[in-house]
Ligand code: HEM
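Below, in structure tokens: the form predicted alone, a single chain.
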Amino acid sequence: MTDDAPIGSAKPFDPALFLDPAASGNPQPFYRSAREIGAVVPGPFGGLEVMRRAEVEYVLQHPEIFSSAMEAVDLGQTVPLIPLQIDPPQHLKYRKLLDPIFAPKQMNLLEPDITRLVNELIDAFIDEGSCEFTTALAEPLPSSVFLRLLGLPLSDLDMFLGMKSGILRPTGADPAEMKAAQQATAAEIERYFAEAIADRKRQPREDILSRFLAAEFDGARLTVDEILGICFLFILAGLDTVTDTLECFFAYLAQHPKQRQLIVADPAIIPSAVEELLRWETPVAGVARVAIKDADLGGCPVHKGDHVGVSIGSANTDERALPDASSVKFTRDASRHLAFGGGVHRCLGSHLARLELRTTLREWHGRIPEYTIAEGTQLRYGFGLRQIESLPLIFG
């Protein structure tokens, strides 16, 4: 099979389309064309990409075949990202510890604080009649919530944003330079949290880091490396995915005024609108796995050691699972999307993310019901994580 040959089909397929800027901004037509070719197509960096809902769910639900360990994604760190890069049965230990911390009841206690923070951010720009949405709200909101949750100083926000970008968007003239920059940033993150953990050992506080140190599972406590792995994942998930989701949501709503008016007219539909926009936009467009056994996916052989990309965005818009998948309906009774993943590695922070998204849509549209994207703006979306380079909004 050549790099651009389809899998299980005579139709041509160019894996470079995964990196096409037009496809990243408007991915649904690309997803559809890939699914028409087969359940699995060649990936943009070698390996395979799973496109159809049934096969995506199979991969996510079978970690004994498709592992998310460090071999799947190496971000330059020396410790695995916990619990993401730990497979069953060890994975259960960490979820039993972390799930209660991020349970809906616990997260809902944060709603008044998140509501206040959203309005404080809006206060800073509403009289100007415009804002650069990312820097004005999409970045500072989830980042501030994250820092408060971990008991870290808000004065470190800019440093954390820099470290996050250094991991997810490393700079360099070639892959080797980019990997070296990523490793240097990873070492910086690990040093920071090692010092924070040592500080909590000396003087425990009422925060999550102190809870990690005190937690026990089957009579054993978490090691420093285990806590580092948890914190490393938190900084990436807590500082980036909600930011990207807010950008995608507001870019969509700014360009679809009739849909936006549904929210303004009836804020009660916001929870279902959030689910539908998560399905349609799918900001975390894909996740990575590595096969640890030979397998078959939709007639495509998968060999041990193969890198397998899982296209969450394509699965969420697969008409085989949802006949009217190409329609955006804020009033759907339920939206069985996979935006938070599936199986044992389903996103730990999904309840917090939903709370931040619902609160932001409610408070923003209660104060700024009409807005557009600044004239002449060409939205530039990233790949994998669909962040938007700049989102200038005009209102008034």
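In this text, residue numbers run from 1 along the sequence as written. Since this is a predicted model, take the numbers as computed values, not measurements.
Missing here is the form predicted in complex with protoporphyrin IX containing FE (HEM); even so, the following discussion is about that form.
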{"item": "Partner-facing stretch of 216-224, 169-177, 185-193, 284-292, counted where any non-hydrogen atom is within 4.5 angstroms of protoporphyrin IX containing FE (HEM) in the predicted bound form", "value": "284-292"}
{"item": "Output flag, Pro83, Leu233 and Thr241 jointly within 4.5 Å of protoporphyrin IX containing FE (HEM) in the predicted bound form, heavy atom basis", "value": "yes"}
{"item": "Contact label in the predicted bound form: Ser311 to protoporphyrin IX containing FE (HEM), heavy atom within 4.5 Å", "value": "no"}
{"item": "Contact label in the predicted bound form: Arg260 to protoporphyrin IX containing FE (HEM), heavy atom within 4.5 Å", "value": "no"}
{"item": "In the predicted bound form, Arg53 touching protoporphyrin IX containing FE (HEM) (heavy atom, 4.5 Å)", "value": "no"}
{"item": "Protoporphyrin IX containing FE (HEM) contact in the predicted bound form: Phe340, any heavy atom under 4.5 Å", "value": "yes"}
{"item": "Residue (of Ile37, Cys347, Ala69, Ile368) lying close to protoporphyrin IX containing FE (HEM) in the predicted bound form, criterion heavy atoms within 4.5 Å", "value": "Cys347"}
{"item": "Contact residue in the predicted bound form, chosen from Val59, Leu352, Leu48, Leu361 - any heavy atom within 4.5 Å of protoporphyrin IX containing FE (HEM)", "value": "Leu352"}
{"item": "Members of 81-111 lying within 4.5 angstroms of protoporphyrin IX containing FE (HEM), judged by heavy atom, in the predicted bound form", "value": "Pro83, Leu84, His91, Arg95, Phe102"}
